[in-house]
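This document opens with one chain alone, in structure tokens, the form predicted alone.
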């Protein structure tokens, strides 16, 4: 019997600085209701879905920065989303800025959570591959200060037995790194959930701008295929605070094929029936890690300088 999870990729249009968290949550609830009407089991929202993408501004006052962080989850602003998810019987993934106190130390992470159909948090991930820079760079049209405002995630790439399968999570820049998918793949992941906020313009390398959507699709589809997993990538898109953000939200099968995709830069829902058993034909054949993967040989193939030493 197949294990089908019907998933909604719930793209959000711009969340402007003047928009409240309640405004953003109201929009997410509408998408959640639409998803329930299409028999979705799970809805995936973007990275930093509750606020505008604040790392684009340099702020010296920590209190000003902390206005964008959540100290608990759920809280008064997000509780309606949890309540509606429980009422509808639909789970969700949500990205947000997390302020946590651990061992007496205040810490700040770019975080995502997985919530089950009962409205209960069943998984948490903290972003590991932080892009951008830590100090103001005045030559940029806008900043990308994730390295200033967030710490590197400390929870690793975990998997969660939920929705009838093995779920994994990551965030934005994580999707560009093969290690993300491979660490999850080695744990038998069957669906990777990821939210992102990606500007069209890349200030250090503007020659990449025209390839932003291509590269976005490339890394998610290759990660899906090479690790025999579904990938659900969901954007916050459109001209947010004057900065154009890519869309391209999509659901990718273990074959590497995109089976559903958003076509606008606004609030939109793309839905697919994802058979988790489709992973098996790839995990048991071409990407049977136990049979074909040769980690013991990798150190013999390349030296630290990338020279092929095994052939000498």
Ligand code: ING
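No experiment lies behind these values; they were computed from the predicted model shown. Residue numbers count along the first chain shown, from 1.
From this point on, the text means the form predicted together with the ligand, which you will not see here.
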Residue 197: touches the ligand in the predicted complex, heavy atom cutoff 4.5 angstroms: yes
Applying a 4.5 Å heavy atom distance criterion, does residue 90 contact the ligand in the predicted complex? no
For residue 78, is any heavy atom within 4.5 Å of the ligand in the predicted complex, or not? no
Although the partner isn't part of this model, could you tell me whether residue 158 comes within 4.5 Å of the ligand in the predicted complex, counting any heavy atom of the residue? no
Within 4.5 Å of the ligand in the predicted complex - does that hold for a heavy atom of every one of 53, 146 and 173? yes
Option from 118 to 126, 197 to 205, 229 to 237, 182 to 190 whose residues, in the predicted complex, bring a heavy atom within 4.5 Å of the ligand: 197 to 205
Which residue, 131, 178, 242, 164, has a heavy atom that falls within 4.5 Å of the ligand in the predicted complex? 131
